[in-house]
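Quick heads-up: it's one chain on its own, the form predicted on its own, in C-alpha cells.
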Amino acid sequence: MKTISLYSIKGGVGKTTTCVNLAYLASLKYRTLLIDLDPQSAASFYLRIQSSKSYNDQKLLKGHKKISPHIKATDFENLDLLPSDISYRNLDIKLDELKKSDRKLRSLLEDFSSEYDCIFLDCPPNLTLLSENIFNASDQILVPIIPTTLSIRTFHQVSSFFKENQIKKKKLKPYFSMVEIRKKLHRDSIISFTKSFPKTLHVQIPASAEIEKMGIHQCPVFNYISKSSLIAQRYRDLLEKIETKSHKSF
C-alpha cells in the first residue's frame, strides 16, 4: 500500500482538486481510499459526501474499528472516502496528548493495508503536529506550487522544516499548479525553481476555469471534460510520475 499526500502550507494552490482527480485516476487501477483531513471538507464536498453526525476526530484517532463504519463509497468504483469533520480543527490538541504523537497517523493507516492499494490524503494548509504525522505516514508528499514568489517561498519553508527535523526530503515531490504559461513571471519562476530543485516533477497543471467548475459539478474533471483534453492528460501524467517514483507497486 502506498500513501500519497497532497500538502501545502499555502491555501488556494490547487491541492484539493489535484487530490480528488488523482484519487479518481488511481481508482481505475487500484483499490483507493481518499482521506479528507482538512476541516474545510473540500474534497468531501467535491465527492458529494458528508461525515455522519456520530463521526469526529476522537473516532479517527481510535483507529480502524472506529473509522471503518464511516468510510463511504463514492459514485466511482474502487474509490472510497473518509470524509472530514469540523472537529478536525482540534486534531493537533488531541494528538499532543498521545504517546509517539508524531507517528499516530502512520499506525492508523497501516491497518488498512489489506483493504486498499493506495491512500490519498488531502491535507490542511498549515505546519503543525498533524502535518508531522502526515510527513511520517506518507510515501510521497506532492506539493503544488504556483510559479510565484510567495508560493515558492512556502515550499522552501517546508523543505527547511524537513531538514531541521531530519525528515526524509526525498519524499517531497513539488510540481507546478495553476500555471499561466503566457506570463513571463511563471515561465521564469519555473525555470529558476527547477534548476534549484532538480527533483521537481515535470508536470504543469494549468490554471483553468474547467478545473474551477469541479465545485459546480461536484465530481472529478474527467466526468465533464474531454478525456483527451490537456487538463486530463496533465493529471494522467502526474499520476504516472507518482507511480514511476514508487519503488514498489501500489
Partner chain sequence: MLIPQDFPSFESSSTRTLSPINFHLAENNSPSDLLQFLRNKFTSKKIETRQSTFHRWDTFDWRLNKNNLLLFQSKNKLCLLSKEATPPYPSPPPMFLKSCLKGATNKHLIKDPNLQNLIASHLSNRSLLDQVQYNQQSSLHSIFNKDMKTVAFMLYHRIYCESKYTEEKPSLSWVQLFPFRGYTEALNKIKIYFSPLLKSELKNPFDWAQLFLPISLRKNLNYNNRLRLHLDSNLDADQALIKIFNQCTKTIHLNTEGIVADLDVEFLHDYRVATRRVRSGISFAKKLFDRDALESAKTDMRMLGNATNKLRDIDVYLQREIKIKKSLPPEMSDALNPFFCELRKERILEQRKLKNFLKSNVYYEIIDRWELFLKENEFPDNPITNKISEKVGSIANKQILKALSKLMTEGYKINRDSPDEMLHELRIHGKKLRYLMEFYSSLYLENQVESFINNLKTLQKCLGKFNDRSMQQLKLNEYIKKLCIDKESIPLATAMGILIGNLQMDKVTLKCEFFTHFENFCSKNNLLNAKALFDYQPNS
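The shown structure was predicted, so the numbers you read here are calculated from the model rather than taken from an experiment. Numbering follows the first chain given and starts at 1.
One more form of this protein should be noted, the form predicted together with its partner chain, which is absent from this view; the next part is about it.
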**Interface residue in the predicted complex among Leu201, Leu37, Ile205, Leu47, criterion: non-hydrogen atom within 4.5 angstroms of its partner chain** = Leu47
**Message:** Can you work out which of Phe155, Tyr116, Tyr88, Tyr175 has a heavy atom no more than 4.5 Å from its partner chain in the predicted complex?
**Reply:** Tyr116
**Prompt:** Using heavy atoms and a 4.5 Å limit, would one call Ser68 a contact residue for its partner chain in the predicted complex?
**Reply:** yes
**Item:** Non-hydrogen atom contact Arg103 with its partner chain in the predicted complex at 4.5 angstroms
**Value:** no
**Prompt:** Is there any non-hydrogen atom of Thr148 lying within 4.5 Å of its partner chain in the predicted complex?
**Reply:** no
**Message:** Under a 4.5 Å heavy atom criterion, is Lys72 part of the interface with its partner chain in the predicted complex?
**Reply:** yes
**Asked** Which single stretch, out of 191 to 199, 178 to 186, 47 to 55, 220 to 228, brings residue heavy atoms within 4.5 Å of its partner chain in the predicted complex?
**Response** 47 to 55
